[in-house]
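This document starts with one chain, in the form predicted alone, laid out as structure tokens.
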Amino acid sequence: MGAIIVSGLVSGALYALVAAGLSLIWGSLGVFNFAHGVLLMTGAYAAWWISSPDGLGLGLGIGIVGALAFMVVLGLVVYLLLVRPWIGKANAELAVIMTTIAGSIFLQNLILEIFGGRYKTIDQVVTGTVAIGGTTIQAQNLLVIILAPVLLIAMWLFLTRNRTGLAIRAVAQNQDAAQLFGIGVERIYIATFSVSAVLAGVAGILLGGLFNISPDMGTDPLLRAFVVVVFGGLGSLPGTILGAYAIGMIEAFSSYYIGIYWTPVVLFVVLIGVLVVRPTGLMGRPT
């Protein structure tokens, strides 16, 4: 039982990091970034290339810092090239879906061309095992369980205490009113995409420390994050975080008791059941 709970907490923590970025973008711009999965993958590859002897060989610490700095820039590029040209135009939501899907395919194949299809590994931030309550946990798993809530709390403090964070919330609530109060909406969009990309990069680096990294490693987390965002409520960050841990636990228990191949079916049945009762998700605002 302890191992199942640990697995659910690790999955929920990673899903929360990925889905929080998606939720931020939806709340601010009202669009889905389907390139979010490859941002996760790119963050993992950037950390590997900077830190690995097969790349620059600068060590894990510099690799993580360099990768996250790179994610800030990549988030800006994704916004400027794939999203900004369509903001305010007819059918913007559909256009952004198509351009971000196209961008993700391009970036995934670019990584494949540069680094090849062989699996890569990132050194774990912490190694060894820890025994808690009779359950032995990998130290890296424990790091994921602890670090994700810390980062999410830091993001919440940023959104509620920092001036830029408050501006992001203002734009999410009412873009026109925010502009009337002198908030630079373009600057907020850029900040939102950069923060979202950093969260995806952190998730990719943590995931890369647990498993091998590959060009398609972001596909499954993106699907799970999409389920989480809808399950928790579009644009609701607390709902997204709650939904991430709920989905992580459901996935862990159903994988153990029913089987891994039936787990996606269980997840979508639960999602449909929640949407029948609450069409806006667990904590989504009615439109």
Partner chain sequence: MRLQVEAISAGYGRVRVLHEISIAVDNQRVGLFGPNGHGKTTLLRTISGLIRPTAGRVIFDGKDITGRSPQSIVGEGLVHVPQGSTLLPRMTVLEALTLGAYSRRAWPRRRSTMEQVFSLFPRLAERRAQRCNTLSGGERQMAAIGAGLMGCPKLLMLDEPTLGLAPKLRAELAQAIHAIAATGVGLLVIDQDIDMLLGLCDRLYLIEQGRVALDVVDRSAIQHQDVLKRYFGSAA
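Bear in mind the structure is a predicted one, so any value in this text is a computation, not a measurement. Positions refer to the first chain, counted from 1.
The same protein has a further form, the form predicted in complex with the partner chain, not shown here; the description that follows concerns it.
*Asks:* Just to confirm, with a 4.5 Å cut-off on non-hydrogen atoms, which of Leu210, Val72, Ala177, Ile153 contacts the partner chain in the model of the complex?
*Replies:* Among Leu210, Val72, Ala177, Ile153, a heavy atom within 4.5 Å of the partner chain in the model of the complex occurs only for Ala177.
*Asks:* For the chain seen here without its partner, which of 141-149, 196-204, 160-168, 125-133 has a heavy atom within 4.5 Å of the partner chain in the model of the complex?
*Replies:* Only one stretch passes the 4.5 Å heavy-atom test: 160-168.
*Asks:* How about Phe181: is it within 4.5 Å of the partner chain in the model of the complex, going by heavy atoms?
*Replies:* Taking the distances in the model of the complex, the answer for Phe181 is yes, it comes within 4.5 Å of the partner chain.
*Asks:* Are any of the heavy atoms in Gln173 no more than 4.5 Å from a heavy atom of the partner chain in the model of the complex?
*Replies:* Yes, contact at 4.5 Å.
*Asks:* Would Ile137 count as a contact of the partner chain in the model of the complex, using a 4.5 angstroms cut-off between non-hydrogen atoms?
*Replies:* Ile137: no contact with the partner chain in the model of the complex.
*Asks:* My question is simply whether Ile188 lines the interface with the partner chain in the model of the complex - judged by any non-hydrogen atom within 4.5 Å.
*Replies:* Yes - in the model of the complex, heavy atoms of Ile188 and the partner chain come within 4.5 Å of each other.
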